[in-house]
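A lone chain, given as C-alpha cells: the form predicted on its own.
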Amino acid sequence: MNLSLRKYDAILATVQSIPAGKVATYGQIATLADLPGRARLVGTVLNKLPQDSGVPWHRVVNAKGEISFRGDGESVTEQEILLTEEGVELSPQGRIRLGEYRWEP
C-alpha cells in the first residue's frame, strides 16, 4: 500500500470516529492518525473530499475552536449548521468551547 494512501486512510478513519456532538482539531486528528505535526495535511485531505463522502468533516475545527475559512465561504455556514444540528454551540464570535465539545477518545 502506498504510504500516502495509508496517511489518507488514517486521517479519514480518525475523522469517522468523532461522535456527533463532538469536535476535534486538525492537530488532534493528525496526532491520533499517527501523523503528529501534520495538521495542514488533515486540512488538505478534508478539503478534497467529495460532497457525498459521508465523512463528518464538519466536526474538525482549528486549534482555537473556530471554523476555518475555506475558499468558497459557503462551507463555513454549512459547517455551522451541521454542528448546531448536532448540539454543538458556537459563541457569537464563532468559537466552540473545546473544553466542553472536544472529543476525547
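Note that residue numbering begins at 1 and tracks the sequence as displayed. Because the structure is a prediction, the values reported are computed rather than measured.
Only in words, not in the display: the form predicted in complex with the DNA, which the text now covers.
The closest heavy atom approach of Ala39 to the DNA in the predicted complex falls within 4.5 Å. In the predicted complex, no heavy atom of Tyr101 sits within 4.5 Å of the DNA. By the criterion of a heavy atom within 4.5 Å, Thr77 is excluded from the residues contacting the DNA in the predicted complex. Remark: Val61 counts among the residues lining the DNA in the predicted complex, judged by a heavy atom distance of 4.5 Å or less. Along 83-105, a non-hydrogen atom within 4.5 Å of the DNA in the predicted complex is carried by Gln93, Arg95, in order along the sequence.
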